[in-house]
Every structure is written in structure tokens, then in C-alpha cells.
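Quick setup: one chain, the form predicted alone, written in C-alpha cells, and binding and motion questions come after.
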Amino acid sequence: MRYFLCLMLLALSTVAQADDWLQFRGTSSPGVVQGPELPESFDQIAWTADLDGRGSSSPIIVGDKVFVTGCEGPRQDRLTVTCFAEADGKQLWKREFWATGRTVCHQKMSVATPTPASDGERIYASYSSNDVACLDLEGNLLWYRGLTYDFPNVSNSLGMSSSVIVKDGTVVCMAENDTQSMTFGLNADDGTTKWQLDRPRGANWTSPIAWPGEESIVLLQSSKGVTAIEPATGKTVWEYLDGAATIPSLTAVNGLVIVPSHGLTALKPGVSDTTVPEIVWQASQLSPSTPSPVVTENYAYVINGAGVLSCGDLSDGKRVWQCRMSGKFSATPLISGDRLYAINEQGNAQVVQLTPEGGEVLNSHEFGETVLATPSAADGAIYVRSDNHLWKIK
């Protein structure tokens, strides 16, 4: 009995908690916080931790640990994963790796733009150099893949930014570009290749998501549209081929896939023909710029290139209202309860009150540094990172 209880305790300690934030834009509903509501402003800073080098990836939170990737050196070829204590921001460990692939990227980006992912037991950190490192939560390296060794033309002169996700034991890595455009399914246990897909040629900075329904499906977005695949095999389940954006990423809620395509397009998996999704609506007035759309049970929210927040009705895509915010945005906002949390590129963080009738900026906070990374949230706290700092707001 004692042995059985020990096994149970061990299992419970390593399984991801409901409030964990395990990947880019969160674990279940991208950008929508499911746990306790977030603070009313960004002023309530609990702690600040120093970061080295550069990085525009989002923090991820697993249990009582916060993980952040970065890159250091004049060539950004020293890749890092740093772990902090969630309680007080103390650095617990830091690991460094040499990049094996190309580290050239646009000056606005960095090699550490892709956000890592976790299955609650391991950290999967990917970089613009197409290096993928897998560590346990204590920082021990479990495996490492330099995809450029096998596919030397998988690169992009502006840098790669697609974040990985892990679904049913498969790490899905999009490495799509103008020359050798591919997406990989890596075995989460050892990093070996389960499958690889030839993908549409064209620079693509979007990130995959897992379909939130019962079926095990991963959705890939590219300039050609959306492809739904089985994560175990890479087999195509259905395709939407009417084009899509290559920077803001798709999301899914209420059985709909909301795609940055012709503004926004809502898709529903097909019934009579399961290989072709049904187009529910298209809304040209809801056109996101760099930030990805955030969708709740009833509304879709997008930020355009002028910093205007638009709210659309999820039932028909009609624009309901607009609200001007300050600045230009790269980071995707978060929604918690009836508030939206957005940070512009100048580090000005704004909280917007959301109602069916309109949006109102309630307050703002100056971080005083450039912020390009999408914030993360767990257990009622917001985590914001710049190149040089990581903040916890609670």
C-alpha cells in the first residue's frame, strides 16, 4: 500500500495543474484565462527578475516554476532556458546550448522568439535556429534536435517564430519558409521524427493549436489556409484552402475555428464531407495585425495596425464596437473575466473594460522597456517579459 501511495503522490506532482500556462497563448482557450481573475491593473508588481541577452518568447508556468527562453552573444547563438520560482522570482537554474542552425533574423525579432511548451513533465524549447531542446523540470537535458542538420534549407532570412505545441506525445514543430518548408512531428520521449510534412512554400510565422474537441487534431495555418492533422501520424483530416494570414494565428472555441483569413473567417468541421470545413461567416472588418485574435464564448476581439481594438459577434462576425488604445502592438492580449490586458511595443500596458456595448481603457502602466512578447497568466497572476526583465503582476 505504501508503495502504491508513493506512486500516486509522484504522479500527482508531475501532472500539469489546471492553472498552468503550458504554451503560447495558454493551455486550453488561446488567450483566455480560465483560472482566477487577473489583477485590475499592471501596477501590482509582485517581483521582478533580471534576464540576460534577448528574447521575445512568452514565459510558461508549470506548477511552482516559471520558464523563459532567451539567446545571448553577438550572434545570438547561445540558447538559454531559465527557470524561476513562481513565489519570489528567484532563479533556480539556467541551461545553455549552442545553436546548430542559422541565427540571422530581423533586428526586431530574436532567435528566442518561439515560445516553449510543456506537457507538465518536460519543457520543449524551440528557437529560430530550428534547434529543439527537451529538459525535465529540474533542467536536465533529455534530448536535443538540430533540425537544420537534416534539412539545411529550412530557414528564413527574417527569423522563425512559430511556437511548438505538444499533443498526445508528439511535439509539433512548424518550420515553414520560402525554400524547404516543412512541419515536423517529433516523439516527445526521445526527439526522433515520427513524421514530416512538406508544407506550402512561403514565410510563415504562425503557431499551431490543438483542437479543443474530443478528436485529437492539430491545426496548422499557412498562406494557403488551414490544415487539420492527426498529431500521431501527420495525416490530413481536413483542409481549408482559401488563404490565411502568416503572422496572427488561428484560435478555436465553441466548435468553431477562427482564422485570420479575409479579415476573420469562422470554420466548422464539415459533416457531409468531413474533408472540407464549412464556412460559417467571414468578417472583413475584423482584421488582426500582428497580435492573434482572442475569442470568448460570445465575442471575437482583434487589434489592428493602428492600435484599435474591435469586437465582433461570434454568432455572425458582425463588428459590434471599436475602442482605440495607445500605441502599436505585437503581443497578443489576454482576456480574464470582463477585462482585456494588452501591452504595446513601447511597454505601455493597458487594461480594457469589456461590455456588450463597448470597451473602455480603465488604466495603464509603463514598464519603460520594449515589450514584444505575449504575456502569460497562471493562478491569478500575469507574467510579462522584455529582453532584460521578467515581471510577475498579482
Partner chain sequence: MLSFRFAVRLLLIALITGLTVPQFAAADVREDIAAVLKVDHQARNIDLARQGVENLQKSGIDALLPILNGLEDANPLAANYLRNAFETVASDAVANGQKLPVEDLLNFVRRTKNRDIARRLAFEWIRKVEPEQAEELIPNFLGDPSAELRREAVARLLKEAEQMEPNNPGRQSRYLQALSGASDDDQVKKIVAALKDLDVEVNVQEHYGFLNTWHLIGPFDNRDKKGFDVVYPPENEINLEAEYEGQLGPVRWQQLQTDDPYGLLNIATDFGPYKGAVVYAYSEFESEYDQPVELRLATPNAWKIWLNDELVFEREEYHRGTFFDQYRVPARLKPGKNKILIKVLQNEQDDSWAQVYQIQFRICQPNGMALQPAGKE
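Worth saying up front: this structure is predicted, and the values here are computed from it rather than measured. Numbering follows the first chain given and starts at 1.
This next part talks about the form predicted in complex with the partner chain, which is not shown.
In the model of the complex, none of the heavy atoms of Val237 sits within 4.5 Å of a heavy atom of the partner chain. Within 4.5 Å of some heavy atom of the partner chain in the model of the complex lies at least one heavy atom of Glu96.
Mapping the unseen interface onto this chain, Ala232 falls outside it, with no heavy atom inside 4.5 Å of the partner chain in the model of the complex. None of the heavy atoms of Pro212 is located within 4.5 Å of the partner chain in the model of the complex. Proximity of Val104, Leu135 and Tyr144 to the partner chain in the model of the complex is complete: all three residues have a non-hydrogen atom within 4.5 angstroms. Figure note: of the listed segments 164 to 172, 306 to 314, 189 to 197, 283 to 291, the one touching the partner chain in the model of the complex, with heavy atoms no more than 4.5 Å away, is 189 to 197.
Only one of His262, Arg78, Arg319, Lys224 lies close to the partner chain in the model of the complex, with a heavy atom inside 4.5 Å, and it is Arg78. Distance criterion of 4.5 Å from any heavy atom to the partner chain in the model of the complex singles out Ser155 from the list Thr183, Ser118, Ser155, Thr82.
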